[in-house]
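One chain is shown next in structure tokens, namely the form predicted on its own.
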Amino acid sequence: MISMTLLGIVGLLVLFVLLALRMPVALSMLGVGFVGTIIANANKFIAIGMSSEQAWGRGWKIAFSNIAGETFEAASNYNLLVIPMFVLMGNLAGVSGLSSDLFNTAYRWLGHLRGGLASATIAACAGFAALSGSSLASAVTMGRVALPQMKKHKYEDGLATGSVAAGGTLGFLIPPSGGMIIYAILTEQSIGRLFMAGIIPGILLTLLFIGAIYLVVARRPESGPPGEKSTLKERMVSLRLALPIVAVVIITIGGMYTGFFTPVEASAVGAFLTFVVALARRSLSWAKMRTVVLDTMSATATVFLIIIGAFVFIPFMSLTELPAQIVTILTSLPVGSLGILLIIILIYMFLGMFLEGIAMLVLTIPVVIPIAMGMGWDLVWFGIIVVVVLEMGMISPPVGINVFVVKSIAPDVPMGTIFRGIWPFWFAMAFLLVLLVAFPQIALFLPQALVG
């Protein structure tokens, strides 16, 4: 006999060891969840007097039944269709040159200002995030476009790489966000309401990032020299080229807000319109389409496998009752609702130093959601809080996955320089967290208007 609490703790420790050994998140959760389910059920049957042989046999049967059932449930979940559709939408935008148009438009309007190229990068990342829903895709795509321009204009390496790494994180907050989709599925919340909740915080964070750039160049003007000033004609031409992208975003997000589309329908419409725009630009070839399809399949399979792993791991954690005990301990602390929220945020910040964003999300949901429900917090608002903290983890040392992505694009820039460059943006995210806690309506206004 083994204590269920001890089994849960051992399961978590084994999971963290596997992750530290660079085993994929999905396979780690599948393995720990599967084996843990066998042991937990065998332990339970032995406790009620069943023979050891029978108990272990029942444990194996339940574990196999669980993994088969959860795999089928994830694969057949209609709402998860938004994942391949939005991934396809982002990939089409990337290969067809729409990302370059976004950056060029932002550059024409902002590039002549001190730090304008970095600000243009943030604005372009925000626009591309509304097409791709991926922080990594935003960082890679915009980094390849923006970093050579900033190098040409002699931008300080820290500001240049920091703006790309931070701008990429907007893909996790601005809808259609892959992180929000997974949060919605795991917590049984409305994907549409979460998307709406991310719009105002996403715009606000974009402005805070641009404000952070302004403060950096005000203190060190040489870090972000101004570029050439574009003529009004050049600005209007660039704006005209970006109009199709803006139209696609407005139609998909606006359709969800008005209730004309469900999130699944909006994702399909967005992918189709992006495909049409790419065809109209004559920027697609058979080779590019093959790349788009393969990349979309690969990214979709990765996300689905993570969800299946979470669906196997979460029931195991419930069997051990460890999440319930953690909830009891935290809710009994004499720190109040705000203190508990601060503890959760600090734990996320700590985990963000070592784990990738989606890994943190699927690992912590079984524990933090019962706490949020016990505190009476709105789960849509809490989801935005979690997503912002996960964004902070994407640029936090020593893991900071977006930092490593930028490093792969700018191999000549030392890692320490990139990390130093992200701090103004990290504090901008922290300030957004303060605003969200102080004024929850920043996140809740649009979802409530949508319901109304």
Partner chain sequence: MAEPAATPRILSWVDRFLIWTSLSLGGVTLAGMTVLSVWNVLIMRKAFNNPIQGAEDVLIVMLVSIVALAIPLGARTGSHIEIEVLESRMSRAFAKWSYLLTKVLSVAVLLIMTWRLWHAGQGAVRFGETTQQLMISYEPFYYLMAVSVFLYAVVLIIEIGQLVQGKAVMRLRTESQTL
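Numbering follows the first chain given and starts at 1. Think of the rigid core as the biggest set of C-alphas that the two forms share within 1.5 Å after superposition. Remember, predicted model here, so these are calculated numbers, not experimental data.
What comes next is about the form predicted together with its partner chain, which is not displayed.
- Checking 84, 116, 370, 201 against its partner chain in the predicted complex, a heavy atom within 4.5 Å turns up for just one residue: 84.
- Contact annotation for the candidate site: 19, 293 and 302 all lie close to its partner chain in the predicted complex (heavy atom within 4.5 Å).
- Heavy atoms within 4.5 Å of its partner chain in the predicted complex are found in one stretch of 222-230, 140-148, 208-216, 169-177, which is 140-148.
- Heavy atoms of residue 47 never reach within 4.5 Å of its partner chain in the predicted complex, leaving it off the interface.
- Contact between residue 57 and its partner chain in the predicted complex is not found at the 4.5 Å heavy atom cutoff.
- In the predicted complex, residue 350 stays away from its partner chain, with no heavy atom inside 4.5 Å.
- In the predicted complex, residue 280 stays away from its partner chain, with no heavy atom inside 4.5 Å.
- In the predicted complex, its partner chain lies within 4.5 angstroms of at least one heavy atom of each of the following residues of 15-46: 18, 19, 20, 21, 22, 23, 24, 25, 27, 30, 31, 34, in sequence order.
- Relative to the superposed rigid core, the position of the CA of residue 59 differs between the shown form and the other one by 2 Å or more.
- A movement of the C-alpha atom of residue 440 falling short of 2 angstroms is seen between the shown form and the other one when the two forms are aligned on their rigid core.
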